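What follows is a single chain, given as structure tokens, in the form predicted on its own.
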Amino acid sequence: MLELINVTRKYGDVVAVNDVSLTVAKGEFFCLLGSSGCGKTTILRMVAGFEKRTSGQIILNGRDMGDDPPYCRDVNTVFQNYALFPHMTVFENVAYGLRIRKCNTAEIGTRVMEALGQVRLSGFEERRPDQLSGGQQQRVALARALVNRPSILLLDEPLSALDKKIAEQTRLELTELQRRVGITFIYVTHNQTEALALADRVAVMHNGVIEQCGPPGEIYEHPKTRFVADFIGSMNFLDGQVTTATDRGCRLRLAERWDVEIDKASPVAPGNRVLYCLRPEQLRLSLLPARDFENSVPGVLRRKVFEGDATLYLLELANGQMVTVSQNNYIARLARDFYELNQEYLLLWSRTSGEIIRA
């Protein structure tokens, strides 16, 4: 449905978006994820028509719309601050776009009530924005966008103003709504949890380029760059050296005293330095001596943080490196002496070339 081909946006000498290409399929929930200033909102604004591209093509339904004004594009935007008219009722806020298009009164009434029903706000037509909660205001903004029946709905960090509990509930409502109405959603956020929970595909942006694009599980479990590995979730980075390597596996020396066996061949020759990457949930703690287990290392507990369903442990290894371990509290109560190293999602970088050698 939407295709960006080599799109660049410059502000003087500053390159906000650098030669970005991507495609979004019809009915897809697509997320642009990245920290502030990475270019994700600029892409959204170029698709909406609020920003001009410097170069490249923006194609919607087979037609280049890069130079079309916003009102000529079959897209609608839900803004971060909702942008509701405070003096208008919910009904009038939702009907605003239809009145601009000079739809007849009967059609306006039918479509507004249909849109309010889609976001579960039937019965709220006569209220004003200041009589609604933050989550309800967000749904009014959604209804105002949906009532125009766009091909693509653009959402610019719509949950950032909500508290954690309401944001989690609204996330579920958003995914249900998107599946129900079948409209393509392009969602911009800096929140990794939101992106992984909502999207069919995620594009991780950094310094104006897309570092990696794919399904949430692939992005999390098999990041292709160090930035993606570090930005999505938490990651432990450990310096190491390949000590032996055969076609059946390899052995690494980490943290001076930690020898790790990997059951897959390493393309890096013995003696080369590598960066060994493990997520906190892929490590387990044990009260038993490390020598009783394979792929284990002793450490000193420096801090622990209770997070409800899990506890974070900060351990110091023999060489002074700090490692974070996340342990599910329920599982920990069932097996206090259990220890394992999950090799399935190990990530390995070559210190020499800077490239991933196993993911």
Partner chain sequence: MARNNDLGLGTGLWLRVATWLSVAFLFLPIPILIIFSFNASRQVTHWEGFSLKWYAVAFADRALWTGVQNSLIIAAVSTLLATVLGTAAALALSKYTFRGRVLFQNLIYIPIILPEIIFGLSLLALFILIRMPLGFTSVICAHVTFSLSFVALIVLARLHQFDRRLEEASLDLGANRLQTLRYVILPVIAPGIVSGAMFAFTLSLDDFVSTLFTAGANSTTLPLRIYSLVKYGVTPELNAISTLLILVTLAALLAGHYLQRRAVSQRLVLGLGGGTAALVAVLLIVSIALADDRHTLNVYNYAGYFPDSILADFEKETGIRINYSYFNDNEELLSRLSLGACDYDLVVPSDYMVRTMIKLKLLARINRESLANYANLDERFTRMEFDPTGEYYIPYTYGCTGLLYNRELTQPPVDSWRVLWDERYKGRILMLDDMRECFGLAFRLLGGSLTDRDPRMLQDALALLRKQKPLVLRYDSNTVDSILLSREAYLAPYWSGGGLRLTKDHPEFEFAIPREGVPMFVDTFCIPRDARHKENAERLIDFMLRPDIAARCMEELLYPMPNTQAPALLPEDIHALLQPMLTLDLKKLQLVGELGEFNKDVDRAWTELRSR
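Since the structure is predicted, the reported quantities are computational estimates derived from the model, not experimental observations. Numbering follows the first chain given and starts at 1.
Quick note: we don't show the form predicted in complex with the partner chain, though the next part is all about it.
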So if I measure heavy atom distances to the partner chain in the model of the complex, which of the stretches 63-71, 31-39, 297-305, 310-318 falls within 4.5 Å?
63-71
To verify the annotation, which of these, Gln137, Asn148, Thr184, Asn272, has a non-hydrogen atom within 4.5 Å of the partner chain in the model of the complex?
Asn148
Which of Gly97, Gly208, Pro216, Pro280 has a heavy atom within 4.5 Å of the partner chain in the model of the complex?
Gly97
Using a 4.5 angstroms cut-off on non-hydrogen atoms, would Asn76 count as touching the partner chain in the model of the complex?
yes
Heavy atoms within 4.5 Å of the partner chain in the model of the complex: does Arg248 have any?
no
Using 4.5 Å between non-hydrogen atoms, is Arg101 touching the partner chain in the model of the complex?
yes
In the model of the complex, Pro86 touching the partner chain (heavy atom, 4.5 Å):
yes
Suppose contact means a heavy atom within 4.5 Å; in the model of the complex, does that hold for all of Asn236, Arg253 and Arg284 with the partner chain?
no
Partner contacts in the model of the complex for 11-45 (non-hydrogen atom within 4.5 angstroms of the partner chain):
Arg45
